[in-house]
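In the structure tokens that follow, the same protein chain appears in two forms, which are kept apart as structure 1 and structure 2.
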Structure 1
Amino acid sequence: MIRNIYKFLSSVKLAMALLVVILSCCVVGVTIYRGVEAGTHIFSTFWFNGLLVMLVVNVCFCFFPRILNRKLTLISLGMILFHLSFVAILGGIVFNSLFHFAGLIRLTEGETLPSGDLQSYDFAEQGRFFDIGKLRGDTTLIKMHVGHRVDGADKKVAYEISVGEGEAKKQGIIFITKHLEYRGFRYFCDREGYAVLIVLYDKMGRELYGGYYPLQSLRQEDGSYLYTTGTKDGPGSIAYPYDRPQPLFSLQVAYRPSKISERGGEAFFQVWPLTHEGERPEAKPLAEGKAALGEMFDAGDYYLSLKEVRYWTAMFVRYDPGLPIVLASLWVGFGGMVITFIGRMRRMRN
């Protein structure tokens, strides 16, 4: 039985079959299925990852026993390094999957969230043995810089952030090709949007409430963007004020940025009576209209005003202790290919 298993795993035909099957899966994953679907049906599945693991196991059983019995030459050295890199990559991936952390943290300018609280993240995943205590201190978005330039190169946007705790706190500017690292955690730019300060007034003009509302950036057919409340799938309304036990009405706000001044512009308000769980009825709105930044909009019993525009940003926070193993192995594998090539060319010449 064990002999048969060993025979199966050390078969060169198995290696070839696995390569062909993996290749076929890749072709299906970019033709029949695409994007998220390809991940769901192929690349993230247990069986596909099993095939990749099987390939590495096959390399161990099939390649190494054969090559290690041979005399060490430039060719065999290169091939050993090349195949060894696959084993090391798998080792790095497995190690990383057990100890990694990945989270998407969304902050409005000036906002601080505790890094170690998973509630701070829109999305978070971690390895089985990841110690959440490693995520210490807070994460703050100090400011988002538009038109940021480094050595004359336009980086478009950069986030000025601060992470950590106490004296070990680290502050820096990150942009698309530069991240910030703090105790092994890396902070990457992901995306950004507008957050508008919507203030509620009574009819006497007294300020009753104010809160920042992040807006979705929805791409229109003509290529322009609509910045509005809602979800990533389309515009929608919110119960306003959302953080009060008794919201007053259902509100949709759309913001049109000024082409002249940054953070200037006007807002479009639509107010509906609040229904069960903040749902918006299909009926006509109670009030609708627009108001420039700082101006008041008559919302029936109240006034509303778009008082300030800030940016929100989403950052990926990553902790990947297996990453150096994987990246180093890629170069080892590449070096192996080059050494084998040189060895074979020399042998052909001789």
Structure 2
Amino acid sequence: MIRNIYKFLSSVKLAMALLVVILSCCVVGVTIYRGVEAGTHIFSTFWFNGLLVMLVVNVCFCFFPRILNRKLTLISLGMILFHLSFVAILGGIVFNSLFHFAGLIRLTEGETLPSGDLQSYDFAEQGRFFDIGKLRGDTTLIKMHVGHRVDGADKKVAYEISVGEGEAKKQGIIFITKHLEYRGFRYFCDREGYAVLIVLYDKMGRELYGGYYPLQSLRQEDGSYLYTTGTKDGPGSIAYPYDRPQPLFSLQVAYRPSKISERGGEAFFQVWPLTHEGERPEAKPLAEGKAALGEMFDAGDYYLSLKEVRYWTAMFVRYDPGLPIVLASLWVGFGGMVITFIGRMRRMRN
């Protein structure tokens, strides 16, 4: 039985079958599912990682018993290093698949969110054995810098962020070619936009409510951008105030930035009544118009004002514990190929 098991695990046919299945799964994962679904249904599953482990075992059983009885030469040493690196790469991939984390966290300037709370992320995808406790402390967006320059080079936009807790907290500036790393977690720039402070007043001018609302950046046919409430698919209204059990009305806000002042401009308001189901009726708005930044807009029973403009940013957070193993193994494999090439050249000369 042991001989039959060894024969099965060292079979070249098994290696070919495993490669075909694994490559087919990879093609499905990048063409059909993609993103979080690909990790959930394929790359983070036990059966897929089991296939990778079987391939590692197959490589070990196929190669190393055959090389052990040979005399150690440059050629055999290079081949050993190359196959060891192949095994280590697959092992690093399996390790990373089971313990990785990837998430998108969105913050407005001055906002702080707990890093270890999955509700802080627009989406999060993690390996089956990832410990959320590794995400310690908070993530803060201190400020977004427009026209950030490094050694005279324009980096367009940069995010000044702070991550971590206590004395171990780390602060830095990230931009398109630079990320921040904290305890193995890497923070990358993703995208940014405007967040506006919309304040509600009663007819006596007394402030009742205020909150920041992120706006969508919708590219228009002429190349310009429309900054408005809604979704990535188009403009839309929101229930206002959104964090109350009974919102007062449905509100759509669009912001036009000033060409003179970086955070100046004017706002366009449209107000609809809400139905009993909390939805906006398809009818003419109760009130609509525009007001400059800081001015009041008459919304019927209330006043609205766009008091302040800040930036929001979305940062991609990644934790790939298997990445150092994979990168180091690639260098070992490359070294093995070089050693094998040198050995073969020496043999040809002899």
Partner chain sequence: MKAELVCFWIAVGLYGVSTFSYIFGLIARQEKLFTVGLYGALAGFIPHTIAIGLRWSETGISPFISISESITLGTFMAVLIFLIFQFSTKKVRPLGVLVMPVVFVLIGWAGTLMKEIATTLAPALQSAWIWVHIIGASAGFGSVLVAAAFGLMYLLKERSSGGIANKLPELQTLDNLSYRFIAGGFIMYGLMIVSGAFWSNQVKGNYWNWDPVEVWSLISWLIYGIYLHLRITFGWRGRKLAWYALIALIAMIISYWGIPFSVETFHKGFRIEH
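Each form is matched to the other, and the largest set of C-alpha atoms that superpose within 1.5 Å is called the rigid core. Residue 1 is the first residue of structure 1, and the numbers go on in sequence order from there. None of the values given here were measured: they were computed from a predicted structure.
**Q** Since only one of the two is the form predicted alone, can you say which one?
**A** Form predicted alone: structure 2.
**Q** Does residue 51 count as moved between structure 1 and structure 2, where moved means a C-alpha shift of 2 angstroms or more after fitting the rigid core?
**A** Shift of 2 Å or more: yes.
**Q** How about residue 64 - superposed on the rigid core, does its CA move between structure 1 and structure 2 by 2 Å or more?
**A** Shift of 2 Å or more: yes.
**Q** Core-aligned, does residue 213 move its Cα 2 Å or more between structure 1 and structure 2?
**A** Comparing the forms between structure 1 and structure 2, which are aligned on their rigid core, residue 213 does not shift its C-alpha by 2 Å or more.
**Q** Looking at residue 75, what is the CA displacement between structure 1 and structure 2 after core superposition, in angstrom?
**A** So the C-alpha of residue 75 has moved 7.8 Å between structure 1 and structure 2.
**Q** Quick one: how many Å does the C-alpha of residue 92 shift between structure 1 and structure 2 once the rigid core is superposed?
**A** Shift of residue 92 at C-alpha, rigid core superposed: 2.8 Å.
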